[in-house]
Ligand SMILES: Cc1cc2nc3c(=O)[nH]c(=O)nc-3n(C[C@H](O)[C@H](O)[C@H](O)COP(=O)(O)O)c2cc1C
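Take a look at this single chain in structure tokens; it is the form predicted alone.
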């Protein structure tokens, strides 16, 4: 029997992956306090199910950016897919297409889109350094069929990840994959060293939204919002949506868990734009809690990679199906007939 839940998918993936690759995907930053906070946050909230409601039909669909989606579950942007399989971005994109799931990625979609297939693609970026570059990027995404731009806003510098440092992780592997026994000799690389202070887009400011808006009409989603002040500014500056996220516990250690941050972020937005959420999701009931606290949908990052490592493309599709099936069952058992009925009345914070 194969894995029956996402925890078992991770165990199956761990058995197949090189330790360096597993640690890169599974690990967080420094003492991994934020990584643990994401999972622990789900224990801070409990569900209050309703009964005596006809749930013989349950609708998990949501409307987002004028598009009906079968499930409020999206594939988050994740680095290091090539550590799992060669051409992994294309494999995950094909799984997203087959599953009718939104995928956030910077690469791997070109062939599918050129074939005219209905891939729901959001392009992910950490930003460009000036208006001309940002405008060029936005036009290119729109021309290629992108349905949104996901700007990761909490990645100004590479963080200090102890597992990677201990493994002497070489960031050149991000493109080529980890060498395996029997592979031909690799060209010399620079000695692996701690990568903290490696800049991404350290000069990123709120003006970036205006830069993108000057060249494109597709939605722009800010991923990495935890502070309600920033949530309010995102509305004021014209963001189309935000994702309440701490980068999967991979940037600032000691930050709040995403689910714990979600209620205040939702309140700060005041219903003016959609709020998404990512971090720590392992079950359909986790998704239900996030939706009850105000998220319009959730992004999952590590889980599709565990499916990919364990069984390739079918593994990714199975993970996505499993999350959707668990969400539907959780809704039914909570007395909820459709996602529009989900609100804070069915969730309670402990303590």
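Predicted model, so just to flag it, every value in this text is computed and none were measured. Positions refer to the first chain, counted from 1.
Omitted here: the form predicted in complex with the named molecule. The next part is about that form.
- The closest heavy atom approach of residue 76 to the named molecule in the predicted bound form falls within 4.5 Å.
- Looking at residue 296, you'd find every heavy atom of it more than 4.5 angstroms from the named molecule in the predicted bound form.
- By the criterion of a heavy atom within 4.5 Å, residue 280 is counted among the residues contacting the named molecule in the predicted bound form.
- The named molecule in the predicted bound form is approached by residue 25, whose closest heavy atom lies within 4.5 angstroms of it.
- Comment: the named molecule is not present in this chain, but in the predicted bound form one of 245, 101, 123, 109 has a heavy atom within 4.5 Å of it, namely 245.
- Residues of just one listed stretch (299-307, 285-293, 58-66, 312-320) have heavy atoms within 4.5 Å of the named molecule in the predicted bound form: 299-307.
- Annotation for 211-231: the only interface residue with the named molecule in the predicted bound form is 223 [heavy atom within 4.5 Å].
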